[in-house]
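What follows are structure tokens for two forms of the same protein chain, given separately as structure 1 and structure 2.
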Structure 1
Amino acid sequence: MKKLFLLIVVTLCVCISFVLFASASYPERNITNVLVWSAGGGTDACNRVVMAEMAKILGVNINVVNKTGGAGGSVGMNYAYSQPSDGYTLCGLSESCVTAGVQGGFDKRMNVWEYFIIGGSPDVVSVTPNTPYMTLKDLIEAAKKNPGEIRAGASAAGSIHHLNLLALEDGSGAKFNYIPYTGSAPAQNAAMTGEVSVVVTSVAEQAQLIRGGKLRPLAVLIPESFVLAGETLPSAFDSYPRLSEYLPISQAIGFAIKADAPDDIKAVLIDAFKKALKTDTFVKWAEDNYYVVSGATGAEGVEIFNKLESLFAWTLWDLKAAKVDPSTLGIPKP
């Protein structure tokens, strides 16, 4: 009897210590980051840099695997979601993934994830150098005088830059002739050919053209000003405070873990994530790529994505480009 009791106690101790040891030692094998966009894109580059730094801190490899396709990156997201919530599968994503739900690619809301938001490059309103607009005020006043006459290029309807342009119109009362392009690069190229005179894309995408004097930046669409190669780009909010009702709609590049993963694993990841964002390599990379670093995690991150989700979902619904009614998914109106 005594022996049996001892045996039970010993086994229990071993079991408990195993459990404790196991959870305390996360991660004990390599982690996979399932990236929903293709290799070479902004989300991919940003995730790879941060993963490399986090791998050093955690002491295991983090493999970045691109799993692309579907609506709003739904193929990769569904795959990552089907994996166990043990912290060994992360999902590398960006703000446009919130459209997967209304496009019929992901049958859950985006709050099934918990986010680690690295950040993104802010949007900037620029004009071609041969236009007379020297400030955002000049441009907006001109657009108000001739509504729908000034041509503004941005990526396709429902994209983040289009939403920024819409918000700028709503907040300032101006009306542009929005010309959609298949991406930011073609939109900027159209400004070079003179097809459009205004472009709304991110600072990172425009940096070369701005520094080369081929585009004149007027204002960034975030509450603070932004320094680009020694030149301060003023915030659009300074001249039009009402913009704060509609903006900022910022890029949110980062990665996510399933929300039902154990809290201690999340804590380990959050710790490593925050440390990784402070490393010299990342800080330099973010600076070189004109990022505004966010670092939001936990409830803060979920709230950012909830906002983006309702904004994107309802805009697509209004454009008649959504397949699934956002209200059936329980997405509130913005």
Structure 2
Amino acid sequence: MKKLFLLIVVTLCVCISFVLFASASYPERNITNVLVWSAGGGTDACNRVVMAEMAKILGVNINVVNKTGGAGGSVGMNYAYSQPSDGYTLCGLSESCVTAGVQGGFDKRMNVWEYFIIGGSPDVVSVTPNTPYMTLKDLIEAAKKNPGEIRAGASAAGSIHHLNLLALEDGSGAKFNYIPYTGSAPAQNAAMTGEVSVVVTSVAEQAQLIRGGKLRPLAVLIPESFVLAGETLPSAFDSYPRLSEYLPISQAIGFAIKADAPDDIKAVLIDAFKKALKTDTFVKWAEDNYYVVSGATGAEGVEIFNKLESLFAWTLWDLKAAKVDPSTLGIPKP
């Protein structure tokens, strides 16, 4: 019996030592960032720039792999969550992922993750240049006269862009024919080709297309106007004050690690993340692409996503656009 007890103790000590050593030497091999949205969108772009800078700091490659699909990016999120909590699998996500639960795609609260928030950019309503809509009022009045006929593109159901489109409808009385896409880039491409007439994505994602005359911006979905390349984009709130009942909703683009990962691994990632956001390469990129940088991590990041989860879930429920009652998931009202 004593020999068996000694063997168990020795085995436990070896296992603990191995875990501690593995954590202390992290990272020893390449890291994978599973991105839940499609290539070319804001979440993809932000993650690729930051991962490139973090890779230099950590001394390993960080491979960004797009795994799209599902409500609120649930395909990629479920896959990343199924991987070991060893810091070698990250999940590139955004605030839109907090709706995965009420959309029926993720059976857990978002507090199973710990977040690294890069930042975000306000949403803008734009149209295909050959449409007759020169102002937001022109678009809304046309949508009121022909409910459900004007096709509007945005990323997947439950995303921030879809939520903003729903809020625009509710606050203005218009009704669009919502066409979901796997990410912002496909939605914008659809607007440029005329597959849809309207697109709702962020200023950062549309900036180059707007500057190139491929999209015509009508209004930003925040209370203040926004200056883009010398042009002032009006606030949709000016014409439709009821939008304040649902907006603004801020982007929170970044990545996450499973909350039960070892603290020392989280500390290594936090240090590399903070340093990456201060590099000249990232600072210039953020300025050129109209991103407001956050840098929130740890408890601060979790608190931000908890609030977003509450706001998004219950807003979708109130707009009758959710499949699952947030209360059944334990999501508190905002």
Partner chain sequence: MFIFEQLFVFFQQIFYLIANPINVFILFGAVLLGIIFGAMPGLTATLGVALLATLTYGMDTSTSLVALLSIYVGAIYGGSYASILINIPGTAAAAATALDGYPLACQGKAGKALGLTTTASAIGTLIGMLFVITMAPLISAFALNFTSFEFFLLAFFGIIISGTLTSHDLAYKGWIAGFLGLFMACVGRDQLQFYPRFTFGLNELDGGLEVVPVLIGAFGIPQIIQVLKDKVAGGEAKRFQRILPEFTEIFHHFPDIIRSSLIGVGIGAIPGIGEDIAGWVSYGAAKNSSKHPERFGKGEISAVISAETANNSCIGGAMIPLLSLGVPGSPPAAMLLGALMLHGIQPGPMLTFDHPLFIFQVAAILLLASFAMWITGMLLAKQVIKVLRIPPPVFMPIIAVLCIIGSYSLGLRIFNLYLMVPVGILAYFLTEMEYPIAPLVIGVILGPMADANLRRALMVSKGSFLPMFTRPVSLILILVILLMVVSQISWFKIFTKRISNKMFSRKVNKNIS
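Residue positions are counted from 1 along structure 1's sequence. For the two forms, the rigid core is made up of the largest set of C-alpha atoms that agree within 1.5 Å on superposition. All values derive from a computational prediction rather than experimental measurement.
Here, the chain labelled structure 1 is taken from the form predicted in complex with the partner chain.
The chain divides into two rigid parts for the movement between structure 1 and structure 2; residue 92 belongs to the part that does not contain residue 156. Rigid-body analysis of C-alpha superpositions between structure 1 and structure 2 gives a rotation of the smaller part of 40 degrees. After superposition on the rigid core, the Cα atom of residue 240 is displaced by 14.6 Å between structure 1 and structure 2.
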